[in-house]
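Before any questions on how it binds or moves, here is one chain, the form predicted on its own, in C-alpha cells.
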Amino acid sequence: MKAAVLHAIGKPPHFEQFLDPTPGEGEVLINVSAAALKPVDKQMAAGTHYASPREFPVVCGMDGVGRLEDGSRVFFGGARRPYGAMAEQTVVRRVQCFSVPEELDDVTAAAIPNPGVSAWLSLKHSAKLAAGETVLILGATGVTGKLAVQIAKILGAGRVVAAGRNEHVMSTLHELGADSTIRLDKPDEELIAAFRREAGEKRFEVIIDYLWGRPTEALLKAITGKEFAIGESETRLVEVGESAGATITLPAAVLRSTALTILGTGGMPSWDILSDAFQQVMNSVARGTLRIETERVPLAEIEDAWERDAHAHRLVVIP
C-alpha cells in the first residue's frame, strides 16, 4: 500500500510503498478515506511530543475516517505502530472506532474530532462552563480556537470574547459567535487595557488559553486586583497550548488578589465522557451549528503539505 512514511525524527514523511497491515486479535482493518494533518502529527514527527516514535520506519497520522471490511464508516484513532492514518489502509482496535453521521462528508468527519473534542472537553469538562458565564478564548484565530468560540456559545456562554493575532481571521469571528474581539498585536499597556475593558466588573469566568507566553502575562496583569475584594466571581483559566511561549512569569499578587484557578488538560477523561464529547461535536457539525474550514491534499503530495502553514483551516490528506 501507499503511505506517508517517516524514516527519521525531524524529517518530513515520504510518499512510498509500505507493508500491508494485517489485523490482530481485537483489531480491525480500515480502508482509509481521509486523515487530518494536525500540529500534533508534526510534533510527533519532530520528536517534540512525549509520544514521538522511537523505531522507524513508521506511518504518520494519529486518526482519520475510513471503512471497515463490512462497509461501515468510522472515525478511528490510535493505529498500531508502525501503521498510521496517512495511508491507504491501517489497523486499530475495534473499540477505538466511532460511527460517523451520514450527513458528514469524509473530509469534515476527519478534520473536526481532534480539535472539536479538545475544545469541548476544555470548556465543559475542565472549565465546567455554566450557562450565562463570560468566556475569553486566548488564541481564537487557530483551528481549535475558532471551534472553541462556537462551542462556548453552544454550551450556553452568555458572552464570548475572542483574542487573536491573525487580522483576516479576526474579522470573521463575530460570525462564529464572538461578542467582542481583542487584537493581540498591541503594545503591552494597550493590550492590558483591552483585557481590563472587556473583563469589566464581572471578570472573565472562563479562560481557554492556547497561547501562554506574553499574551497570558498581559492578561494576568489585567485581572490582578488593586484592592481587597469580597465575594468576587471565580476565574478558571485552562492552559491548553503554548504557541506564544512555553513559560510565563506569575507574580504572587495575581493569585493573592484574584479568585483565580489555573488548570491543565493532562490526563484522559473517562471513556464515557470522551464518547459523549465526540457525539456532541459530530452532531453539532451535522446540524450546522459547528463549522470547520478544510482543504483536501492528495497523499502523494504529503511532503509539500507537511511544510505548509495552514493556521486557520485544517489540511486533510486523501489516500
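When you see a residue number, it is the position in the sequence shown, counting from 1. Just so it is clear, the structure is predicted and the values come from calculations on it, not from any experiment.
Just so it is clear, the following notes concern the form predicted in complex with a small molecule, a form of the same protein that is not shown.
Partner contacts here mean any heavy atom within 4.5 Å of the small molecule in the predicted bound form, and among 65 to 73, 36 to 44, 280 to 288, 253 to 261 they occur only in 36 to 44.
Scanning Ala244, Ile223, Leu129, Ala194 against the small molecule in the predicted bound form with a 4.5 Å heavy atom cut-off leaves one residue, Ala244.
Exactly one listed residue, out of Ala162, Val143, Leu123, Ile112, brings a non-hydrogen atom to within 4.5 Å of the small molecule in the predicted bound form: Val143. Proximity of Ile154 to the small molecule in the predicted bound form: non-hydrogen atoms within 4.5 Å are absent; the residue sits far from the partner. In the predicted bound form, no heavy atom of Leu219 sits within 4.5 Å of the small molecule.
Proximity of Tyr210 to the small molecule in the predicted bound form falls within the 4.5 Å heavy atom cutoff. Contact between Ala199 and the small molecule in the predicted bound form is not found at the 4.5 Å heavy atom cutoff.
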